[in-house]
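Just the one chain here, laid out as structure tokens, in the form predicted on its own.
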């Protein structure tokens, strides 16, 4: 899907992407989806760990085959620049001078070591919009602590609330802050800064301390403590105001894959609708469950009885039936379901398949929002490592071929 003239709303905007791993590249990828020219700065001396992550296709090796990395770096150009080599800072400044946005999620000590603080960038490009995403912010006693999503979820309280009450904290099973919260907040801030610059001609520094961005999602737990002195504890899939609210086993599919259904009942009317679908099941006639208070008081018994009822059903069919009578329910999807069997995502065209030089036809997430007049789209797969170094050096930075050869020989372009 493209706009009538093929233009995307951020075309003409250039991003110097000095980030790595998750939050920075994902934020920059969103800008690329809508037309920004994102130049991903990489180096052989400091290869993004996701380039060697998983999943990868069997038999594939090297810097260019990780599906995780490729998905979050589509529509970018890869430019090699070794910031530890003399002369590299001048090249970095030359790129920033020709860019509108600078993005990085490294620790403050790296910004300072490389000369990429906001004050230094302003000397080169006074109206630059510089988005910094250090885990713990640009200042404070722990500002230089390193970490990834697996560290950020415990430090913001998410892990403490994730899991069953009688077991250890389990977190959310993946680096949730990197995928959704922090990159989303960063993109909104960048768009606000672009609007401000268009109106005033002024750039600005954006500081997204990831700890604060994620802590903002913990509102109910924080308010419960400040208002009531209550420290919330893990409660598995249970809800404080819905019951039943959980995941229930259904019949395995023909290939013996486990199938589960999620069911969430928010009020008595929905409970009555669930009971109508489950007519004859023991829980439908049990007076203990007639009210929300009763259902919550006897939740263990209720969940066990619902599990007995769902055990013989096809999860997808049962979910559709429950939805038809107003009960929130869904098959618990796995990766195969999302990519191959979800009719809804398929009809909406969310997943896109692009031809990558080393991974062949591969699946990519499409743009996460849809603008009906100027929609985003993917124009190219993820770049090969260093694929666009010469192109960027000559076409964007205006170096001559001889200068490129010199900088390559000195290790700057490496």
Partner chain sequence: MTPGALDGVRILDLTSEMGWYCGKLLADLGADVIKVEPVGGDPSRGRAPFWQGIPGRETSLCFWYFNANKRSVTLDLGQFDGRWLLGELVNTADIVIESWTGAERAELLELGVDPEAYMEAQPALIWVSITGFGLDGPKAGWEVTDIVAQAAAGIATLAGYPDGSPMRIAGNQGYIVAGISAAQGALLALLQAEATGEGQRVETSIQEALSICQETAHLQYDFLGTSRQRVGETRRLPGIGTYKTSDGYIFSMVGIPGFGAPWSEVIQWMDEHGLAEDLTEPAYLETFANFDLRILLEEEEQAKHATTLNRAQEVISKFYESKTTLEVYEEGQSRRLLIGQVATPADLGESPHLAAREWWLELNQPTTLGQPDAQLRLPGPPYRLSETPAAIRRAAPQIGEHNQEIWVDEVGIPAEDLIAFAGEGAV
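Numbering follows the first chain given and starts at 1. Whichever C-alpha set is largest while still superposing within 1.5 Å between the two forms counts as the rigid core. None of these values were measured; they are calculated from a predicted model.
Only in words, not in the display: the form predicted together with the partner chain, which the text now covers.
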Closest heavy atom of residue 21 to the partner chain in the model of the complex, within 4.5 Å or not? yes
Proximity of residue 314 to the partner chain in the model of the complex, heavy atoms at 4.5 Å: no
In the model of the complex, residue 196 touching the partner chain (heavy atom, 4.5 Å): yes
Can residue 7 be called a contact residue for the partner chain in the model of the complex at 4.5 Å between heavy atoms? yes
Heavy atoms within 4.5 Å of the partner chain in the model of the complex: which stretch among 273-281, 90-98, 324-332, 286-294? 324-332
The partner chain in the model of the complex has a heavy atom of only one listed residue within 4.5 Å, and of 85, 262, 124, 106 that residue is 262
Of 45, 363, 384, 379, the only residue with a heavy atom within 4.5 Å of the partner chain in the model of the complex is 363
Going through 205-232, which residues have a heavy atom within 4.5 Å of the partner chain in the model of the complex? Please give them in sequence order. 205, 206, 207, 208, 209, 211, 212, 213, 215, 216, 217, 218, 219, 220, 221, 222, 223, 224, 225, 226, 227, 228, 231, 232
Rigid core superposition, residue 228 Cα moves 2 angstroms or more between the shown form and the other one: yes
